[in-house]
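The data below hold one chain only, encoded as structure tokens and taken in the form predicted on its own.
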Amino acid sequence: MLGNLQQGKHTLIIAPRRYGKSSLAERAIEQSLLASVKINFHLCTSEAEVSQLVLDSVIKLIGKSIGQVEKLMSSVKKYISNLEPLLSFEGDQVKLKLTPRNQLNHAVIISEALLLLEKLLLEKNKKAVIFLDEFQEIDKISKQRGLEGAFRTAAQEMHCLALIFSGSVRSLLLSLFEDENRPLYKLCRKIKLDRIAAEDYEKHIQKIALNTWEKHLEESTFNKIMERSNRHPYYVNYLCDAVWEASLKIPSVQDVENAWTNVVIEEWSDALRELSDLPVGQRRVIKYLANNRVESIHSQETCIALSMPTSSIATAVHVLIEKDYIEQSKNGHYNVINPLLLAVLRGAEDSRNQLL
């Protein structure tokens, strides 16, 4: 990923929720030493909000990557035709504003703003990065795909400005970038984040254990951390924080179990609320998958156990995969991705009436 940024190549990060996509992007940007801005589209509800957010971010990055805006006005004017550049004075600072000349299509505003930044960077022999987070919201906002086309138009002309695309809904992101009929098809280098291997976690965790207690964790203790967290990045960190906070001496397997129990208790009500938001059929299916090793989701045994027809089960599984609740492993089994939800689903007998 670092190489992509340094070479001005665009990157798409694909992973389930809470897998560390933002942390990876921010770490790579930090190591690149390039000027950057992060745009989060999560709260955008209209094309106007998207275009304004892009405009504001471009202006901010011009100041961070190139320098004093008042000295750039001649270049800015040279590179734009649909935006009006204005300087405003706020205290001792001079700020650039870009205002649409007419009631423009918001796609035009986005494309011209991004290309302005690219041309200024090229003129000054600089490089920069824009991190576009929760980018799947564009799909919900722009039904005519005009915004997608705007990003494509600008991105394919870029050599100095690298874009990173990420988001929390894998299915929507993949639709944006893997459908050959959509503007962003094949635009980016893809980075797919899988679960980190236990041996890679071990190097890091054992180093911290040695610094904390002057001893390495017992193999059984480390393995218990991996088992309970299911090597999910967010929950490995969460569980380790809980273990470290509670342990004055080198922790045991039981200490890990106690810490995980506390994590589950802390998050129990939120997990139940999240599960209760699912339709009944999906709740039945995910609970069944959490508590059974299913060889075939379409088998008669599964249909009888769930009291659901095959078509309904297939639909529920499809939606749960799209929502990043479950995933299918290479051996064909379905697994609940979030270890906290898995713990609640396996231990929710006293909450049975709330779930089913």
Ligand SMILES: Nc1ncnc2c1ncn2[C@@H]1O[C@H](COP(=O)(O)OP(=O)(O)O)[C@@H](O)[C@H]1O
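The first residue of the shown sequence is 1; numbering continues from there. Keep in mind that what you see is a predicted model, and the values were worked out from it rather than measured.
Below, we refer to the form predicted in complex with the ligand, which is not included among the displayed structures.
Heavy atoms within 4.5 Å of the ligand in the predicted bound form are found in exactly one of 269-277, 74-82, 230-238, 108-116, that being 230-238. Site residues 42, 135 and 146 are none of them in contact with the ligand in the predicted bound form, judged by any heavy atom within 4.5 Å. At a distance threshold of 4.5 angstroms between non-hydrogen atoms, residue 20 is in contact with the ligand in the predicted bound form. In the predicted bound form, the ligand sits within 4.5 Å of a heavy atom of residue 196. Interface residue remark: residue 222 is not counted as part of the site for the ligand in the predicted bound form, having no heavy atom within 4.5 Å. Under a 4.5 angstroms non-hydrogen atom cutoff, the ligand in the predicted bound form lacks residue 339 among its neighbouring residues.
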